[in-house]
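Shown here is one chain on its own, the form predicted on its own, set out as structure tokens.
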């Protein structure tokens, strides 16, 4: 009889998808609200989007317990920064802090896959995409999570940004107007929820521009 042993993992993958799109004067960050484990839906109304500063928002998929721990750590570091500098952290500064935080835990990583979006110091949209151990890149658009393999080809087709190897360096922001970017995000999630069982129920969209932050919601497939 073969030897049997119980396997335990400190990680789980709760599924879900996140998207961020940067424009000339706005940033759109979106995620679905389904949280699953295996073939079980734990809740249909869980927000994967966290506001880190007035002009900086993070959307995270992966293991939501690690995501929550990461969000608390970033909130504490941001509070310390505000006490020391009497101002909020900029989006590029928060992007570097997130990279450092993830890399610091690289030997027992936060199992979270993040996209960070907001406005930079000039008021232009910016998006940063990450792996689990802090490697990050500034891009015009990105997707993370269980539906990212379906969403990224669609975004590449619609928004393909110029190669970073071209000189002079091209701007990474997308050419779409804000309303067009929101419509595009709604379309990609409607499409992904048809094929990915971990993406669905409801779509939460956060739009950041000079006027502040606003939220929109749209229903997705519930099966």
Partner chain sequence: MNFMASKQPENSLLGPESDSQRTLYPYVTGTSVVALKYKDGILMAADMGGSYGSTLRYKNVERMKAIGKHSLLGASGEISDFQEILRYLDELILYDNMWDDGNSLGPKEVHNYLTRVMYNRRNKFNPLWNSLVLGGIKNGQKYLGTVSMIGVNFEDNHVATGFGNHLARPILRQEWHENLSFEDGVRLLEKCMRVLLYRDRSAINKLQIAKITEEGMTISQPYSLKTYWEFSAFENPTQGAVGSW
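Numbering follows the first chain given and starts at 1. Because the structure is predicted, anything quoted here is derived from the model rather than measured.
FYI, the form predicted together with its partner chain isn't displayed, but the following is about it.
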Contact check for 106, 157 and 178 against its partner chain in the predicted bound form, heavy atom at 4.5 Å:
no
How about residue 197: is it within 4.5 Å of its partner chain in the predicted bound form, going by heavy atoms?
no
Partner proximity in the predicted bound form: residue 40 to its partner chain, non-hydrogen atom cutoff 4.5 Å
yes
When the contact criterion is heavy atoms within 4.5 Å, does residue 12 count as touching its partner chain in the predicted bound form?
yes
Contact with its partner chain in the predicted bound form for residue 53, defined as at least one heavy atom pair within 4.5 Å: yes or no?
no
Have a look at 147 to 155, 132 to 140, 90 to 98, 106 to 114 and name the one stretch with heavy atoms inside 4.5 Å of its partner chain in the predicted bound form.
106 to 114
Its partner chain in the predicted bound form - contacting residues of 33 to 64, heavy atom within 4.5 Å:
35, 40, 41, 42, 43, 44, 46, 63, 64
